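Taking the form predicted on its own, here's one chain by itself in structure tokens.
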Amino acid sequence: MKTKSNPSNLFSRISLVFEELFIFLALLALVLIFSLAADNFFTTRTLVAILTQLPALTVVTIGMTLVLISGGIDLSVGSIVALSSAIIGVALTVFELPLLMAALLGIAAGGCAGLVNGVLGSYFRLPIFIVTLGMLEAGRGLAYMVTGSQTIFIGPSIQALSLPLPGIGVSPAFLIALGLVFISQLVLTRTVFGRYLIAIGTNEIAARISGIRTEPYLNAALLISGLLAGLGGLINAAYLGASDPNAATGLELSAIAAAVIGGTSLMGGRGSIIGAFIGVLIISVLQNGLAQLGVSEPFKRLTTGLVIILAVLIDRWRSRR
């Protein structure tokens, strides 16, 4: 027997498609503005620089988007990136482990941090905001302890992950991030897991009444966010060629801004991985464009803050509509 489609769900999907189209047009407009304002912006060199910087923020934003859709928030991703990078650096230089094993240790550390967030937030019912805020401080402190508060230079062994491939022009890290974008979009829109996340974010009490055990899904969202932040630590270490305990400071704010710009609601129950990726592109183009215009670092931070506020205002407008 065929099931009838829900008109509200159909309207929501159509609305998301139009929003993604609008966001993409905004990205093109931003590129046009910087191309006219900066002499060397619309060049292959700038494009390669943007694509090289994208992967870490992209993978972190994917995890953040899933958490936001479920009705939570993860403030710890920047510190988890730093912790994962620190563990990878120590594993490679001090213990001289193979690159694959060091990478797996770093990603596993991110997963452990995400699991702690998930268990405390979903099973112990502690506020996710407070739990991840605590992990933000704990993760950064562990990163300092692991590295001895020093930058660890890894060398060229890991940098191949962030270097453009011959004949392709993009790095393996970018290809990994792009693949995760499409896989995550399919998981969100075509699987029970994704639909349950949306249902829980829309109304957790109603989801419980309908028979959904919300704890495993909320826990899984934060676990995935931690694993992807661990992967972000690997990509960040490859990009820098070093493990810096100060790395990724404020990355959580950029990830939240990219997700919300891409159509994800801070109230939960609504979002798109493709839209969030376009949001990442907007953030990256904005930062690179301002840098080419010679804008000072304080002004760039001010601009990023204003973008976050604008994204929140747009989210509130969408919710009221």
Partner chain sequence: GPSESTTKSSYGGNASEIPVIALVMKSLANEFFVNMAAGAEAHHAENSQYYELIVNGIRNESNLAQQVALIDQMISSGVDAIVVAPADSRALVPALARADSAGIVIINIDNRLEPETLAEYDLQIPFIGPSNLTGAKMVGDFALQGLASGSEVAILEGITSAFNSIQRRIGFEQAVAEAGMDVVTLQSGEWDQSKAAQVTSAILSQFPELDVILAANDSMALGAASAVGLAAVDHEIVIAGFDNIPAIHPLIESGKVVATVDQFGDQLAAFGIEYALEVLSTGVVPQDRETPLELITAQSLPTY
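The model shown is predicted, which means the values in this text are computed figures rather than measured ones. Positions refer to the first chain, counted from 1.
Another form, the form predicted together with its partner chain, is not on view; read the next lines as being about it.
This chain is displayed without its partner chain, yet in the predicted complex the stretch 140-148 from 94-102, 107-115, 174-182, 140-148 comes within 4.5 Å of it by heavy atoms. Among residues of the shown chain, Leu163 is one whose heavy atoms approach its partner chain to within 4.5 Å in the predicted complex. Using a 4.5 Å cutoff between non-hydrogen atoms, Leu223 does not count as a contact of its partner chain in the predicted complex. None of the heavy atoms of Ser272 is located within 4.5 Å of its partner chain in the predicted complex. The shortest heavy atom separation between Ala242 and its partner chain in the predicted complex is within 4.5 Å.
Within 4.5 angstroms of its partner chain in the predicted complex, the stretch 47-64 places a non-hydrogen atom from each of Ala49, Thr52, Gln53, taken in sequence order.
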